[in-house]
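One chain follows as structure tokens, the form predicted on its own.
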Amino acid sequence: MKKNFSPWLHQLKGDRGYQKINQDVITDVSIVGAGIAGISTAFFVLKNTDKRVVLLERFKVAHGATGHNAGQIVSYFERGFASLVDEFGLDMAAKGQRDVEDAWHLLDEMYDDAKLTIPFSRFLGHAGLSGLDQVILHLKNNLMRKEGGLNTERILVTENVEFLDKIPDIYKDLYQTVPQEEILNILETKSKDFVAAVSYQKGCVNSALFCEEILIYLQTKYPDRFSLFEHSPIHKIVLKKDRAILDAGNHTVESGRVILCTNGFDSVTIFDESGLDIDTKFHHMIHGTVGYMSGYLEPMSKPPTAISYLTDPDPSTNDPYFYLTRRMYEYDKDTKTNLISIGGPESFIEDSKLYSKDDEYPEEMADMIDRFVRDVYENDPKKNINYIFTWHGLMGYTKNGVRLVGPEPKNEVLMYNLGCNGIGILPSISGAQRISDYISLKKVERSIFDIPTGN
């Protein structure tokens, strides 16, 4: 069995010290969870308000899902835009989509403010489609994007594919037909199973290293208003009318607001003095999925990219799609190569107690990824591939696949920025900005990210 060895954690500073909570603390805002969501929330709350912020992490910064993800930066959801329109209406769905896409600018803002120099690549990424139903689904999404005033995706369809005459005329201006060879070149494959390609802005970054660098900036920029406590799990949160009290073992944190920025699988118990059952609601808002990824190195002869491959032509099945990123990577000091990261296989998990980041990496997941790489990307079943990295991470999925951002309706002392839904970097940053708007008492419009009022 292989170990859980993440390329992102491999690049972190091994000598960075940490501080556990060692006394009772009173602050304005407490944030639970120091991954991409917690770090980004701390950044924007500190920048946009005058509040004191305490960030609490049960392990180490970015060592949860943020340090065990695929590192892709994408602005779409794990469900089609047309389905968001069906649920929320065109105007609200378009606003939610625009908010996530605007997070590209927020990411730039974080980079600029902190003067980061770590690699961050942005490019035109792609997805390969293998059947008519997938093509129709993406064309419908594109039509809704156009009607909602959003930029449309570029969709290319093989010019002589057998189902071309089955594409409704309503979509005729939303795609182009090209030789299949052009599509396969875009997808970097020789597999003729792929008959269409969808292209839109994507990127890649080591989100764990990004969090560590932002943390160092916050500690330097706001030494009087920002504190981080690692290896400081929160066991219980007591919500009062105007503040929260967090139980951190031998010490407590009292704050005017508490923001949960986690994957949703917390051992924390939430008590509300009004008697409303927030705890049960919170633990039912998220279910878990473990994602599995592998990575290997190759010469740095190709530019960064991110490509998804929908290998099953039936979009209604639960078979995984595969996703691949290629980016510059320093495995050893002063040695630059390309890192090829591939993911796709997943397993559902009902109880986070059944998962540990120290779990070994299942051989069957490694085999699934290896078969895909050889058959689709490398196009060489006999190539010797040395998977230096094999890693897995626990992702929190909301019931409708949309991130939960904002105050808890039953007690607004409690706030959320949670639910990675498999695609977490830009939504986390967008959610962080939204949280800072709430805390600075700006008028915040209704959104697809609002917290449900029912149990």
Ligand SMILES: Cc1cc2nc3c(=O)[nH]c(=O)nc-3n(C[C@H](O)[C@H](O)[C@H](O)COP(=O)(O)OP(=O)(O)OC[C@H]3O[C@@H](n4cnc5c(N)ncnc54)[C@H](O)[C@@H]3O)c2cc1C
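Since we're looking at a predicted model, the values are computed, not measured. Residues carry their position along the shown sequence, with the first being 1.
Another form, the form predicted in complex with this ligand, is not on view; read the next lines as being about it.
- For the marked spot (263, 394 and 420), a heavy atom within 4.5 Å of this ligand in the predicted complex is present in each of the three residues.
- Here the chain stands by itself, but in the predicted complex one stretch of 165 to 173, 229 to 237, 179 to 187, 374 to 382, 229 to 237, has heavy atoms within 4.5 Å of this ligand.
- Note on the partner interface in the predicted complex: the residue among 295, 96, 71, 128 having a heavy atom within 4.5 angstroms of this ligand is 71.
- This chain appears without its partner; in the predicted complex, the one residue of 347, 267, 250, 335 with a heavy atom within 4.5 Å of this ligand is 267.
- Proximity of residue 408 to this ligand in the predicted complex falls outside the 4.5 Å heavy atom cutoff.
- None of the heavy atoms of residue 81 is located within 4.5 Å of this ligand in the predicted complex.
- With a 4.5 Å cutoff on heavy atoms, residue 390 does not count as touching this ligand in the predicted complex; it lies far away.
- For the chain shown alone, residue 51 is not a contact residue for this ligand in the predicted complex, no non-hydrogen atom being within 4.5 angstroms.
- Taking a 4.5 Å heavy atom cutoff to this ligand in the predicted complex, the one contacting residue in 396 to 414 is 403.
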